[in-house]
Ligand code: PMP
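The chain below stands alone and is given as structure tokens, in the form predicted alone.
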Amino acid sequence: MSPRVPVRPDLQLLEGYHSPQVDVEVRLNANESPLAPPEAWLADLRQELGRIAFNRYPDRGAFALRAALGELHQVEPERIFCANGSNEVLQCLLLAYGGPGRRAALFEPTYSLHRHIAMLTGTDVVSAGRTAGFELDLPAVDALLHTHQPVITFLCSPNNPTGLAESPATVAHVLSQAPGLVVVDEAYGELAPTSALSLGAPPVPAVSVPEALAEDAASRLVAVRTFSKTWSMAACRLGYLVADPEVVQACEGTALPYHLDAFTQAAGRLALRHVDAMHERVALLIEQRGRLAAALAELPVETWPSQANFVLFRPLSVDAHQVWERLLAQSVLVRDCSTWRGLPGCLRVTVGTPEENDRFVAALRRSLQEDP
């Protein structure tokens, strides 16, 4: 019998990222789009399939996709890096700039994979909490950054799982204090009223940044986006960042060769022909988000404002996990956040179709009763 090879000691107790995939009628736990992509996009993709040389490696640099994204964001393609979902983008950033003896900063509760991927890459994690309303506590932010001098500071806007977006002025403040990269994860950015991209150059910054910091801030700002949410393409696994060309080059150096397949590149490039359809989906989700928040306001739960495609809530009279189980028994799946850092007793529901939202609200009303 061959000897057992031990796992890295720092990974032995590290749990993987889990999002339950349960067979239910109403799935509102993973922040996916409830809407399929446009039929016109699917027709374009079917046509493109016949032109893909499947016996050849894909375009290693994803140049056509990067050019299309650069046109969308009004930046040069050299400022775009594409990968298998935004999580691989984050991994490449941490492989390039993190590692043993280096620190990443984050502000919890926030997206758990920021911490998880940092630990996978051997990067030390330092963190501070948020206010009672889940906003950034700027004095605590400043203290953490000055004390630990992180190479990467993560912001999530809108923040998952709490829902609030950071204003460009707040991002500019963090940029002024952080010594390294400021990575703004905008997985739900299309749903928010502002974006960190307004601080980049070009285009001209939309908010005031101290003149002495303007060039430096722009070079250290990284905005990360995904096609998984409002583009309705979670199955394709496509994400990207917009950053200084030096950051893009660093990420290219840590990505595996041909890491982005030809089908995904084509799917993303063709999706950019249908921006209007994406905007229509965003408008529908925002409308349904407001409708869902109004319905929750009439139930015995605590909620927080959201600028994403989900709403965080806390049952006031029944244990959160028990509510989750009661919803599941009615074939409605939401995310149980009750054991997450800084989120005792909380659940998160994705904004669905009008019919799915109605089904959820009715099931939640029954689940909140003492004897449903």
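In case it trips you up, residue 1 is the first one in the sequence shown, and so on. From a predicted model like this one, the values you see are computed outputs, not experimental measurements.
Omitted from view is the form predicted in complex with the named molecule, to which the following refers.
The named molecule is not drawn, but in the predicted complex it has no heavy atom within 4.5 Å of Q265.
In the predicted complex, at least one heavy atom of Y188 sits within 4.5 Å of a heavy atom of the named molecule. Taking the partner from elsewhere, H274 is found to have every heavy atom lying beyond 4.5 Å of the named molecule in the predicted complex. Among heavy atoms of R79, none comes within 4.5 Å of the named molecule in the predicted complex. Of the residues given (T121, T153, S86, S195), S86 alone sits with a heavy atom within 4.5 Å of the named molecule in the predicted complex. With the partner removed from view, the residue among T226, Q91, S232, T162 that has a non-hydrogen atom within 4.5 Å of the named molecule in the predicted complex turns out to be T226. Of the stretches 296-304, 153-161, 279-287, 136-144, only 153-161 has residues with a heavy atom within 4.5 Å of the named molecule in the predicted complex. Looking at 110-124, the one residue that comes within 4.5 Å of the named molecule in the predicted complex, counting any heavy atom, is Y111.
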